[in-house]
Structure formats: C-alpha cells, structure tokens
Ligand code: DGL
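Coming up is one lone chain in structure tokens, specifically the form predicted on its own.
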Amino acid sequence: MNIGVFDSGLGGLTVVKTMLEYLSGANIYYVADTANAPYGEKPKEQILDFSIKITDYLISQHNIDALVVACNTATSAAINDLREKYPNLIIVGTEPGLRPAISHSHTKEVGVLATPATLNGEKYITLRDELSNEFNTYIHEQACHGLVQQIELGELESNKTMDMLEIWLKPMRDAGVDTIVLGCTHYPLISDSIKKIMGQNISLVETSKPILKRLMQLLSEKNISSSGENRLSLFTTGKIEPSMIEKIFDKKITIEKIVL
C-alpha cells in the first residue's frame, strides 16, 4: 500500500516513525514542505493551497492509497476541503489530544502547546469549550511562536529554546498542570526539554498512535492490506536538517528535493 504523509517540516516524521513500527509492506512517501514552513502563522487560504499542491503531487507521482496530514495546523485549515476535493482518497488528519489529556489529568489543570493557527481553529475551540465544561477542567493554552523553527534547526536543548519553554511553561507549572497536550507534531521531539522544566512526572499527550489506529481502521474497511518490509521515501521542498532526520530514525536516510 502506498501512503502519503506531509507536514511543514520534520514534525510529521514522529508520526511516520510510529507507522513504521506497526505497519507492514507500506510504501511511505513523506513530504516536508520546508520551503513554506512554518505553517502555524500563515493564513488559512495559503495553508490550503500548500496542502492541495502536495496532495496532487503524492497522487500523481506515487499513486497513494491514503494520505496522512501529519500537521495540526494543516488539518485545521485544510482537512475538510481535502476530503471534498479527493472523495476517493483515505485521508487522516491530526488533532490535539484534548480528550485523553483531560481524562488523564488528576489536577484538572491541562496545558496545550500549539501553533496560533491550531489554537484559533474553529473545531479545536468548539472541542475545548465542550470538554472543559463537561469535565470541569481548566485549559492553559500557549501559542509557541518560533518553536517549530528552533526544532527544525536541531536546537532541541539550546539556551534559546530552553528560555522560550521556561517562559511558556512557568505559568502552567505554577498552576499545577499535570498533563500537557503536544498540539504540533514537532513537539514530541522536545519532550525531554519539557520534562526538564515541568518535572519528570508531567504527562505529555501526542497523537501518533491514534493517527495510526484510525489509518489502519480505514485501510481495513477498504480491504487495503499488504505484508513484507516497509519502505520510506523522503522529499523536501526546501532546506532541511539531515542530522535531525538521523536523530529521529537512528540512521541516515536519503532526501530528495522536489518542486511543487
């Protein structure tokens, strides 16, 4: 089976890593749209345009059976339009794990780290209000301006990154937040940095396994299956940090630059 995955940069590879652990016989084609990164502070219309161009490329060049939008921002901005434009394509999006975070929290103080576009998304706001009222939970939101860029540069524990995190996380720490939603697929890459500031007992909620579960369910419903080894092909539209890819997968992987 041919599966297309895209994100504005390296973040979606955290989802791909989980897919490679549990799928068999999958040809995974990953597009890092680094020429247009980060998506988080761009207009919705622009993000939709990027998403359509990438999807067209994956369909025409790699004949994909399914598409994983491994980006919270692109999911918020484009998922409905993508499903309408490509009705025969399996499409799985990415959304912040608010429900499992609220269920897990003992203090009922839950933090959300995300991009501005994700936090301003209509679907997210509706879900946040519904769940916070239903479970009497306070949601501490933080738009992390510039954090994706730091991660893309490989600066996971640099002084600048740690200073940014300290400013954003201190109010959550002081409020007794015990669970934080990683509302961007880049953010699992700085889990250790977050734990250094919040303490090792902090629970971090990311969504790679729920994405995989949904993808496998939809593939099964369409009787799409395969066996054997997985194969990963990486494409980028701009500059990318090879050392970060090696860090994620513990090996070097060839990267091909494309023009969309």
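Just so it is clear, the structure is predicted and the values come from calculations on it, not from any experiment. Numbering starts at 1 and follows the sequence shown.
FYI, the form predicted together with this ligand isn't displayed, but the following is about it.
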Original post:
Among the candidate residues 91, 148, 165, 101, which is the single one with a non-hydrogen atom no more than 4.5 Å from this ligand in the predicted complex?
Top reply: 148
Original post:
For residue 77, is any heavy atom within 4.5 Å of this ligand in the predicted complex, or not?
Top reply: no
Subject >> Contact label in the predicted complex: residue 181 to this ligand, heavy atom within 4.5 Å >> reply: no
Original post:
Hey, of 225-233, 52-60, 39-47, 208-216, which bit sits against this ligand in the predicted complex at 4.5 Å between non-hydrogen atoms?
Top reply: 39-47
Subject >> Contact set, 104-131 vs this ligand in the predicted complex - heavy atom within 4.5 angstroms >> reply: 115, 118
